[in-house]
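Presented below, as structure tokens, is a lone chain in the form predicted alone.
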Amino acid sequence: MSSADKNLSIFSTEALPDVSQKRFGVAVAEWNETVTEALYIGAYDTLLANGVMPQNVVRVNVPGSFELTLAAQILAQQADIDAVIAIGCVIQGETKHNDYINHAVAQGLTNVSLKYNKPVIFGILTPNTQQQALDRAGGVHGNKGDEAAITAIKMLKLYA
């Protein structure tokens, strides 16, 4: 959204749709909880700041990022959920686990979005280090949770 600015929390909010009656499902991975909780708070606050009613944000927690796909599907299949945001963080580490997890989750979330014809947003950090994750979860580069929430809202404009 604003990679030129290097700040995930700078984005255009022009002509956003009215989301006061929309419901959002937010699936949050518990792994890397310090990061994912900050991302959730960013997403939640951004949803509310743009007209979403607090009772219209449905949160579910899952153990890790890999489990976000099933949680997104469970949320998306609910007729009263208009958009889903998946929040997680997979840090590079010493092995290639992140390659497998990130690819599987990206593909899975895309499949859920297409299956249920609803926006399913990839709000998952894929940094090399814990510090990079913190920098993108409310640190010097803003908050990817903010970006994920705005993306969900903007995608709903397609249905207007």
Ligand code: DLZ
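A residue's number is simply how far along the shown sequence it sits, counting from 1. Fair warning: this is a prediction, and the values are worked out from it, not measured in the lab.
FYI, the form predicted together with this ligand isn't displayed, but the following is about it.
Contact annotation for residue 122: none of its heavy atoms lies within 4.5 Å of this ligand in the predicted complex.
Interface residue remark: residue 63 is counted as part of the site for this ligand in the predicted complex, having a heavy atom within 4.5 Å.
Among residues of the shown chain, residue 89 is one whose heavy atoms approach this ligand to within 4.5 Å in the predicted complex.
In the predicted complex, none of the heavy atoms of residue 134 sits within 4.5 Å of a heavy atom of this ligand. In summary, the region of this chain contacting this ligand in the predicted complex, judged by heavy atoms within 4.5 Å and restricted to 38-46, 51-59, 64-72, 112-120, corresponds to 64-72. Contact annotation for the candidate site: 27, 77 and 81 all lie away from this ligand in the predicted complex (no heavy atom within 4.5 Å).
Residues 29, 31, 32 are the members of 20-59 with a non-hydrogen atom no more than 4.5 angstroms from this ligand in the predicted complex.
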